[in-house]
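The form predicted alone is given below as one chain in structure tokens.
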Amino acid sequence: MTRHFPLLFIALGLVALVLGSFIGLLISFTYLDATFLKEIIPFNQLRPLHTTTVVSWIVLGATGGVYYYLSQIKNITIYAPKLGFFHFILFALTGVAIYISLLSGRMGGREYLEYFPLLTIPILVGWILFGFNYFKSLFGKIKNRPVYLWMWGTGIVFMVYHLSEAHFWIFSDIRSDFIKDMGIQWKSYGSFFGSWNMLIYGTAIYLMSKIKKDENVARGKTVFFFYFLGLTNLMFGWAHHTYILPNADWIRYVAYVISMTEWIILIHIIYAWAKSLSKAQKKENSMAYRFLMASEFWVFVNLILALLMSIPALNYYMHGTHITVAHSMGTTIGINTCILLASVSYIVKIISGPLTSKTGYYGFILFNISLAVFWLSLVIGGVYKAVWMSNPENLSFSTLHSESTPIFWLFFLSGCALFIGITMISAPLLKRLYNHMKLSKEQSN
């Protein structure tokens, strides 16, 4: 199984995607019935279970893809496959420990990293091993490197730094200063997300170059400009999350402009690539192509919402409402998940032939329709709450919650459909991955 460790990352990632969406479904029902699962898994444990599992899907899916594609590049072999397999085992065991931490209530971390803080150590070790294996594999092999190799390497390096930075709160001089503490926390989270975006967007460009069978897609001036823009966003774009802190105005304006332009350039790259493809190229990689085009749509939708949210006057009312959740869900599911599912579909096609499953195709349709309704229900709920907060004679919060019940039902039912769609997509992919690894094992014996 050592030589198939990239596929193990991907398979575990798909399991995390299905499980994370199911836990999210349970959370959505708590808005309809606050007592639901309260005695078994209270909301303060259920929510971090959901966010941690979904983040795990993104990290595992991106990591497995990078490892696999690295092994497919001419003149490159992975430096230490056994080290990569150990990386997988380390992440898998840490995942089990995190679940034990969250389910037992032994937490103590901050938002998105709420598990027992010491469990970050093996995660950091895994990223360091990943970086060592990655750079040793590339060392002296390619001179004129395509942009995706730069993006993957950058993402790994910054992930190590910002994951460490997210835990600076353990030092008393930072924890005792509220402004410094909040500034570092949200700065690290923004850059943390920017780091995995480097891995994911690099994967998107790799896929586009391979589907078109043209390495120039990954070597042009536009994609390298996009890389440096993404790097700038990783380093400075976080500031639009900290409007409530007393930052200098120029920091807010720079962050606002940078975070918007990155998505505009990504839309341009995907649109120009899609126009240049022949019908045969689209058909040959139909599922990967569909998911990449879906990601372009969700980039556009979330760009509009992000533009509105980044206006300070509107951000004042939107922040802390379901509009913020819509933005994060649209980004995590609509953009990141679509690109990663395109990646998994492409890899499965390579190892076991064209994807012909009708289940996956109908799942793709259900996924996008239900996500649109799901996203819209969150925006409507957020607007309703923002209006309530801005009214000096507003009703009690319990009345607001009661009057929002139809929105919560829409949220829950679309979440059910979204979970079904994700399962319909993931099941055939998992089956193909399992069959391939099983057959390879039998042939090696």
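When you see a residue number, it is the position in the sequence shown, counting from 1. Keep in mind the model is a prediction, meaning the values are calculated, not measured.
What comes next is about the form predicted in complex with a small molecule, which does not appear here.
- Residue contact with the small molecule in the predicted complex: residue 325 places a heavy atom within 4.5 Å of it.
- In the predicted complex, at least one heavy atom of residue 31 sits within 4.5 Å of the small molecule.
- Contact check for residue 411: a heavy atom falls within 4.5 Å of the small molecule in the predicted complex.
- Under a 4.5 angstroms non-hydrogen atom cutoff, the small molecule in the predicted complex has residue 337 among its neighbouring residues.
- For the three marked residues, 3, 284 and 347, no heavy atom of any sits within 4.5 Å of the small molecule in the predicted complex.
- Contact with the small molecule in the predicted complex, judged as any non-hydrogen atom within 4.5 angstroms, is confined among 96-104, 78-86, 329-337, 300-308 to 329-337.
- Scanning 380, 49, 27, 59 against the small molecule in the predicted complex with a 4.5 Å heavy atom cut-off leaves one residue, 27.
- Think of it this way: in the predicted complex, the small molecule has a heavy atom of just one of 181, 214, 165, 111 within 4.5 Å, and the residue is 111.
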